[in-house]
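In structure tokens, one chain follows: the form predicted alone.
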Amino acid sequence: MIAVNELLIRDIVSEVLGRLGGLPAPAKPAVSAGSAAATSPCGCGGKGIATSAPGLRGKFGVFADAVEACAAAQESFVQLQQMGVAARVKIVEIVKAMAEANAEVWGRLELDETRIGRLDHKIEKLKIIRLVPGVEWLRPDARSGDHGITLEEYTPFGVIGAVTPSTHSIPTLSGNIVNIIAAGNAVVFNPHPSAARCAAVAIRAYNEAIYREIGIENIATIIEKPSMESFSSICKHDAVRLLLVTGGPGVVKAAMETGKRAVCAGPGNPPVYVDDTACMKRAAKAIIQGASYDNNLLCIGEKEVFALDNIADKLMSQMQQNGGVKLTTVQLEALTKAAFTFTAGQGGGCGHAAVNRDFIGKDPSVLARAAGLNIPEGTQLLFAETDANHPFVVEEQMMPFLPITRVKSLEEGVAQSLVAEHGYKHTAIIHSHDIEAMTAMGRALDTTLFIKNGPCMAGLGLGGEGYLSFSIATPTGEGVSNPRTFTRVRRCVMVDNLKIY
């Protein structure tokens, strides 16, 4: 059993101590000489694949030095291999149970540190970690015939180097741990600097609980003060066999240039197309639900809507009835000037612009004040009519605001969606009962996720069929990550006449 109350207290203490200038390690449980945690492979000076350096002990996953973090993860990987699949199952159970039990404390901790998103949704994202697939996902494939038996199994890489975003720090980290360790690996995290403290609290708590239960101390490690230098050290370390990057285009590009295999979950700017065969009430409700979730921080979230001209007014009316507030032209102009920084020579209402980070993930009330209006309590989302070249359409703005653009045909709607999506091939959404329209948009955009008649979350098993992950590997093609994403396929062949029948 996991001592949840004890862990909650330790988390709070860790936070307080961290704010005073560090995250000192809690007292280390006693380990018997014959336990798995006491077993140590031969050392190699911290630069190779394994080490037995005493300095790697007692940190419960939180490290100042990237080389030490990688070496400790490698040591834990070797221990996990010796313990077998049962240990993986136990670790996955621990992480899922703790994510749910600590959801309120950790959700608030992350919001306090990052200052983006919504508390209720931060909490919910941790509670649903239980939906991330685990060891059960790894079923071997077998063939038998006149010439013998062939068995293909999914086996671990070793240590995975991972980067997590500020938008979903602890949820992404937790979901990655479930997938990566279910596959038999260990992991070292280089978190986003603006969400590193809350991530370290979670890592420490996970490792403490795992150590108490099975004796492995550093199965998931993290850099306490992450930087591009620590990321580079992780990428170069011999123990790190695979990279998992969840973030913006800059870090994705850096990972793909390391020379190591990288699973990259990059940016998205998901378009929505709505035609006159759709149910306007259902479409509006789904659009509001998806675009407002965690103040539109989701990479899969609805970012711009292209609506047929003959139903655009009906759609916007339904959006107003489902928690949306429509801005006037003047209010939209004021918000645009506040939410974007324009380069020299560009106007305040169109063209390429840089997103003002002070508005990312903020509540609708913050955006409304910038637009010059007061909104009712409980407002989920702001929206307004724009043209297809507006900054709110072109940029992945991650704010609870949605631009609505009128189009005259399916062809125009799909063409504008394709431009707005920027070829990321991440996510696209359609509200239509026309099968040919669905097919045309699906083929044209060729996105990893394509959701029909539902909110964006349906693409990850939340209100739709499927499974959950916080890392959607579009640039490198793996798609929605799962335990198999972090495995090698190995084939074992026995040649003989082994058939019984």
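Everything quoted here is computed from the prediction, not taken from an experiment. Numbers for residues come from their place in the sequence shown, where the first is 1.
Absent from the display: the form predicted in complex with a small molecule. The rest refers to it.
- Of the heavy atoms in His168, some are within 4.5 Å of the small molecule in the predicted bound form.
- When contacts are judged by a 4.5 Å heavy atom cut-off, Met398 counts as touching the small molecule in the predicted bound form.
- Remark: His192 counts among the residues lining the small molecule in the predicted bound form, judged by a heavy atom distance of 4.5 Å or less.
- With a 4.5 Å cutoff on heavy atoms, Ile222 does not count as touching the small molecule in the predicted bound form; it lies far away.
- Just one listed stretch, out of 244 to 252, 178 to 186, 386 to 394, 103 to 111, contacts the small molecule in the predicted bound form at the 4.5 Å heavy atom level, and that stretch is 244 to 252.
- Scanning Cys279, Ala354, Ala415, Met228 against the small molecule in the predicted bound form with a 4.5 Å heavy atom cut-off leaves one residue, Met228.
- When the small molecule is considered in the predicted bound form, only one residue from Gly117, Gly266, Pro156, Pro403 comes within 4.5 Å through any heavy atom, namely Gly266.
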